[in-house]
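One chain comes next, on its own, written out as C-alpha cells in the form predicted alone.
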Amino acid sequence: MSAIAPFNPKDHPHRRFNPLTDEWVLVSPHRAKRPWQGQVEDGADEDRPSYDPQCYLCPGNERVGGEKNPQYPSTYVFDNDFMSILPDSPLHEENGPGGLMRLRSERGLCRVIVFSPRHDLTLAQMSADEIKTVVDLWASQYQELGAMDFINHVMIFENKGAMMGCSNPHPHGQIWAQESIPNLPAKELIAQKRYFETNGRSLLVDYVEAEIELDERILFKNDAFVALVPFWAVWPFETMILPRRAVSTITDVSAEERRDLADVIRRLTIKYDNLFKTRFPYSMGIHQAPTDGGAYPEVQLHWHFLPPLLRSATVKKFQVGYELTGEPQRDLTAEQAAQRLIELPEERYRP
C-alpha cells in the first residue's frame, strides 16, 4: 500500500471559508489537470463606432422611453426608463397562513450611469482621469440617493458584456436604491459586525493587511487601494478591490484616493481584457454602509468583480448540479488565478 502524500492545496480538494458570508466554497484543483478538448479562442473585439445613431445611450439620441439624451461631454446619469423598483409603490405587508407566506411591498428607484459619451469604449480603454469622473459620480449618487428618507441601501453595479445580460455595449452601469438591504450585503453586514465586536477592528482591513503580508493573491496595490483574488473566490478569475485604510463609504474616499482607485480599476480591467484577448465580461458591485442613518464603523467599502469566463473568450463557468443544490465549486485555486493575472501585461492588447 503506497504512502499517502501530504496535503497540498494546489493538488488536493478542499473547502475555503468566506468570513464575509459565513459560507464555504469547494476547491478542486486536480480537475484543472483533466484533458480539455474544447476550442480555446480569443474573442476579437467587434468594430464599434464612437457614436451609434441607434444607441439609446449615445449623446443626443432618443431613449426607449421617449426622452432625449443631452449632448453630454463626460458622464451622464438618468432615472431608468423601466425601473425594477418604484418610488411610489403602495405600502403593504402580509404574513399568510402561519407566517409561512410573507409578503412586503418595496419602494426604491433605479438609475443608469453612463461612463462616457463614446460608444466604443470600456473602462479598460478609458484613462485614469476619465475613470475618476465615474468614481466621483458614484460618490455623488450614493450621497444624493442615500439622503432620501425612504432609501436605506444604495447598490451601484455594472454588468459588462452580453454574456452578463447587458443589452447595450455603450459603457454604463446602474444604481438600485431601495428600502431594504439586499441579501448578500446584509449577510456581509452581520459578519463584519460580529468580527468588529469581537476584535475591535474591521474584518476587511485585517484581511487586506494579511493578504499584503502573504503576497500570494495580490495583483497590484498603490497608496490607497489593493486589487486581489480573494482567498475564498468562487468564480474562476474573481477579484476584489479594497481600501488600505478603514473607510465605510465611497463619499469618505478623498480626491487623491479616488485617483488611486481609478488607476486600480483601469489596471484591473486591462488585465481582464488581456486574459483572453476580448472585452472581458463581468458583473461588478460596490458594497458599502447602508444609508439608513445608522453608524457602521465595522463596514468596509469594497468592490466585487465576478467574471464568468474560464478557459477562453467563449468558455464560460456555469453553476449547475452540485453548485446549485450544494455549494459553489471551482477548478483552480485563488493563487493560480492570481498568478495568471499577475503575469499579464498592463498595456491592453490591440485586436
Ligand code: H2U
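Please read all numbers here as calculations on a predicted model, not as lab measurements. From 1 onward, residues are counted along the sequence shown.
The next section is about a form of this same protein that is not shown, the form predicted in complex with the ligand.
Q: Quick check on this chain: which one of 195, 78, 232, 220 has a heavy atom within 4.5 Å of the ligand in the predicted complex?
A: That would be 78.
Q: Pick from 125, 174, 141, 274: which has a non-hydrogen atom within 4.5 Å of the ligand in the predicted complex?
A: Going through each option in turn, the one that passes is 174.
Q: Only one of these stretches, 79-87, 258-266, 203-211, 94-102, has heavy atoms within 4.5 Å of the ligand in the predicted complex; which one is it?
A: Selected stretch: 79-87.
Q: Any chance 159, 165 and 168 all have a heavy atom within 4.5 Å of the ligand in the predicted complex?
A: So, yes: the whole triplet contacts the ligand.
Q: Verify the contact flag for residue 51: yes if a non-hydrogen atom of it lies within 4.5 Å of a non-hydrogen atom of the ligand in the predicted complex, no if not.
A: Flag for residue 51 set to no.
Q: Residue 311 versus the ligand, in the predicted complex: is there a non-hydrogen atom within 4.5 Å?
A: Taking the distances in the predicted complex, the answer for residue 311 is no, it never comes within 4.5 Å of the ligand.
Q: Would you classify residue 64 as touching the ligand in the predicted complex, given a 4.5 Å non-hydrogen atom cut-off?
A: Yes, residue 64 lies within 4.5 Å of the ligand in the predicted complex.
Q: Is residue 56 close enough to the ligand in the predicted complex to count, meaning some heavy atom within 4.5 Å?
A: It does: once the ligand is placed as it appears in the predicted complex, residue 56 has a heavy atom within 4.5 Å of it.
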